Structures are given as structure tokens and as C-alpha cells.
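Take a look at this single chain, the form predicted alone, given in C-alpha cells.
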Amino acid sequence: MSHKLYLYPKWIRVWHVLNALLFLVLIITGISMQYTDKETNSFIIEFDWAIALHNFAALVITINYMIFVIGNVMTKNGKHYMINWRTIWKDLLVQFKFYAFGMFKGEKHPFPITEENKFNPLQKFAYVFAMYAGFPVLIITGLGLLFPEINIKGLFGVSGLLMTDILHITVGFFLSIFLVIHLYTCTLGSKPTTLFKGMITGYHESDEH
């Protein structure tokens, strides 16, 4: 018998969908700019359009990120991003063993989803790292590329603009990998579509108690 928990309020769902769409635009336009053909001035999208779309998406996703942070401070949703550092490594190991072996043996989830714990330890650790470390670096380095004059001149003989560019691309790459893994783990509900449905209805459905 399944049960429902209302875990995703409307503002979270709107923020999440908008964030995902904008990040996809940033990935596509970023790749297009990176590999633009010098002869055709285009890869996936014409270079000038790729820049314009990338900058627009970056601006909107930055505002969206600020809404996410403020929302977490002002609502109970912020508690889901609080890591218990005393138990986190032990909990991560338990969760990793479940993903690696347990779920294929039909074992019960070691950290069932409740109103107090919306994320399992691995999800929480990954989300905190992505949203409170990766995203700020991506935004700051993006501003550094948009306004080159604010970058440091250089360090150890390496151009500050070049370091900013490499950091921006590297963090963008890891967050893109995070997105792929996130989409995969979203298929691990009771049914492959269950967790995606939850982000539409706001209700998490599970057969576990």
C-alpha cells in the first residue's frame, strides 16, 4: 500500500523546473560556444545567438538561485540541506551500499523519506555541494567572464581571465555530470516515473513506510 507526503511546495516546483530548463540552455549554449566552427561561426547554435542566450539564461538562473537561497532561509525547506557532520560519512557509506547492492536485492531503503528527511544522506551531500558550493562558483566565474575587468590580473604567470574561464568550464562540467546522475536517481522510485510525478503534483509517493 502506497502513502503520500507533501514534500514539494509550489515555489520549490517552479524553481526546480525553471532551474533545470535554464541549466540545459546553459549547457547547450556553452558547448556550442566552446566548439564553434571558425568557418561557419556556428556549432549547435550560431555563435552570437549562443552568447546572447547563455548570458540571458545565466542572468535568470542567478535570480532564480537567489530565490532558492532566500526561500530556504525563510521556509522549512532549508532544514533539508542541513548536514549532520557527526554521522554523515557513516550514513553515506550505508546509502552507497544500498545503491550499489541493496536495491538490486530488494532491500528496504535505509533512509526512508519522511517529512523531516526529504533527501537520503547521499542526495543531501550532493545537493549541498552542488547548490551551495558549485553554483556560487559558477555564478561568480560567469560574472568574471562577463566583466573581465573585475578579474585579478594573473597569478604565477597565468592570466586571471584564463583561470576564471577554466574554473567556470570545470565547475560547469561537474554540475552537468551532477544533472545526469540526478536524473538517473530520479528513476529509482517505486516506478521510474514516480519521482518525476512528485515534482509535478508536490506529493512524494512511496510503498515504504
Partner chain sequence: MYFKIFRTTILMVLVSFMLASISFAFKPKKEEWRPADTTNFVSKFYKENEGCFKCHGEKFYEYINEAQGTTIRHNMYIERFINRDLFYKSNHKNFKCTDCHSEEYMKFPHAGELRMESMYGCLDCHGNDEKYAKYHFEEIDAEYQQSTHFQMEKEGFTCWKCHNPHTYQISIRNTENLTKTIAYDNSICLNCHSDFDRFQLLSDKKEINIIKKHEWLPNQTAHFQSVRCIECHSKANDSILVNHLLMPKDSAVRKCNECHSQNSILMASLYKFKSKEQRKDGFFNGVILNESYVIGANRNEYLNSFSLLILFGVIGIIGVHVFFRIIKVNHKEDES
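Residue numbers count along the first chain shown, from 1. Fair warning: this is a prediction, and the values are worked out from it, not measured in the lab.
A second form of this protein, the form predicted in complex with the partner chain, is not displayed here; the remarks below concern that form.
Exactly one listed residue, out of Ile169, Val60, Ile27, Val69, brings a non-hydrogen atom to within 4.5 Å of the partner chain in the model of the complex: Ile169. Among residues of the shown chain, Trp49 is not one whose heavy atoms approach the partner chain to within 4.5 Å in the model of the complex.
Using a 4.5 Å cutoff between non-hydrogen atoms, Leu93 counts as a contact of the partner chain in the model of the complex. Although the partner is absent here, Gly154 is not a contact residue: none of its heavy atoms lies within 4.5 angstroms of the partner chain in the model of the complex.
Mapping the unseen interface onto this chain, Phe56 falls outside it, with no heavy atom inside 4.5 Å of the partner chain in the model of the complex.
Taking the partner chain as it sits in the model of the complex, the stretch 9 to 43 comes within 4.5 angstroms of it through a non-hydrogen atom at Met33, Gln34, Tyr35, Thr36, Asp37, Lys38, Glu39, Asn41.
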